[in-house]
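A single chain, nothing else alongside it, follows as structure tokens in the form predicted alone.
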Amino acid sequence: MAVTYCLSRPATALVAVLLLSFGSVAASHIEDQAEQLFRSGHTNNWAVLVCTSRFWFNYRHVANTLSVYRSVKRLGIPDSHIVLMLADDMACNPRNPKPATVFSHKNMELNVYGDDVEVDYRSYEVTVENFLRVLTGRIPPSTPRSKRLLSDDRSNILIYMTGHGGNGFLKFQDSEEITNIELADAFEQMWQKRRYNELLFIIDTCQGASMYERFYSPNIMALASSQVGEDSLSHQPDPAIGVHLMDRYTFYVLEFLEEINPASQTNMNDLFQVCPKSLCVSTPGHRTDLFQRDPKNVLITDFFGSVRKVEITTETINLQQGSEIMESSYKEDQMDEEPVEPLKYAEQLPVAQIIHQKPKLKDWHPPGGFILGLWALIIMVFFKTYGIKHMKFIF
């Protein structure tokens, strides 16, 4: 008995040590998860998406912007935190063969206009002045909430711009332009006014890298579709509507974002590689020297996704109190409501599944004037063969 007792004491001590070590490992794992969750320091996400081009031949620029809009909404940023600026309404353009749609792929499977698009600034509202006012918050008091960027010093902001540009400028509506100096000064005002925590700037235009050369404010990461002296090329021509559907850089960014989900651990370094020169033809660029964190530690969802404020408490909250009353009122409300079809905006086929599909076979119809030309040919052959004298036998 004495030997058994002596052996049991070390075994008990060993088990206690193992339990303590397991508990400490679990606690450290929980701490690491919490640190990873809050490491970016932001509590909310915003997106400002801008298409600066008018006219039907710039269809692709509207499709670019709506594609990014669709992706950020799918990843959790609500419309209340998105400022969407479209210089032209391609969905309602008389040349659009399929009204109320904007497609980003020539198979016409992916309608990026969707069922619930909320355009905040449209047509001639999309100006350099309005864009700068949105960024800096210098807008009239009568401006509705949907047209405001209500960010703070804990906000991560995605700013996406597309249109026609050159070395150091981006055109708005073919009538005015914003320079890289004006844009850099606007970002500095945002930083001084504590309107962002971190900012991701993406631009798809010719010589796009020139637009971030003058940035000097902290916590800004910038990406561009082309270097200075290079053009940003279009992609996906569609003979049915006579224009290109997207730009190359945004097309491959969209394809990349289709693989991202809200819990994804994909980082910004992966985004830098989505469109090499072999695909884009131009040379995409990025700038990270103003950004404090290493891009490999920055999740894609830090800018393209959304976070919610979480308050941790050790107090016990009783959720059973009054549950029967709430349940009965919920049933009554459910009976009163009419059945509504769920929106199918985010349920479309992802680009990754349809990008290599063959175009659908369309019903063949004779081209315009074909029947008239055929009859003209028949009459010419008849006259050449029989002459006018035989016409009396026909009429």
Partner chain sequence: MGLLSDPVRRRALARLVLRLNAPLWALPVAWLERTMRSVGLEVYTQSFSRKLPFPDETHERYMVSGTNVYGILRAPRAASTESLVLTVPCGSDSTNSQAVGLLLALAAHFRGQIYWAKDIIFLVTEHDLLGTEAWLEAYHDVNVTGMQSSPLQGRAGAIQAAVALELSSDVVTSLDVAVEGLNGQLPNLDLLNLFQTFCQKGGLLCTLQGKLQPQDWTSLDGPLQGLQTLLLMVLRQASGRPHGSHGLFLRYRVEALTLRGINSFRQYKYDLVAVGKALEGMFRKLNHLLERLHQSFFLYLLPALSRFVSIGLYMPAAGFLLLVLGLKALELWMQLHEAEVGLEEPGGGPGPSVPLPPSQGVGLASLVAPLLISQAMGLALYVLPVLGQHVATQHFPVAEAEAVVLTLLAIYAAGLALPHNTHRVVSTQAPDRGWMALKLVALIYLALQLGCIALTNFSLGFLLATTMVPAAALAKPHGPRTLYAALLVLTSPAATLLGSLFLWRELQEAPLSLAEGWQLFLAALAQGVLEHHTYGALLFPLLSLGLYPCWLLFWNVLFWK
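Here the structure is a predicted model, which means the values were calculated and not measured. Residue numbers count along the first chain shown, from 1.
Not on display, but discussed next: the form predicted in complex with its partner chain.
Contact with its partner chain in the model of the complex, judged as any non-hydrogen atom within 4.5 angstroms, is confined among 161 to 169, 237 to 245, 135 to 143, 112 to 120 to 237 to 245. Interface residue remark: residue 78 is not counted as part of the site for its partner chain in the model of the complex, having no heavy atom within 4.5 Å. Using a 4.5 angstroms threshold between heavy atoms, residue 227 stays clear of its partner chain in the model of the complex. Remark: residue 277 does not count among the residues lining its partner chain in the model of the complex, judged by a heavy atom distance of 4.5 Å or less. By the criterion of a heavy atom within 4.5 Å, residue 95 is counted among the residues contacting its partner chain in the model of the complex.
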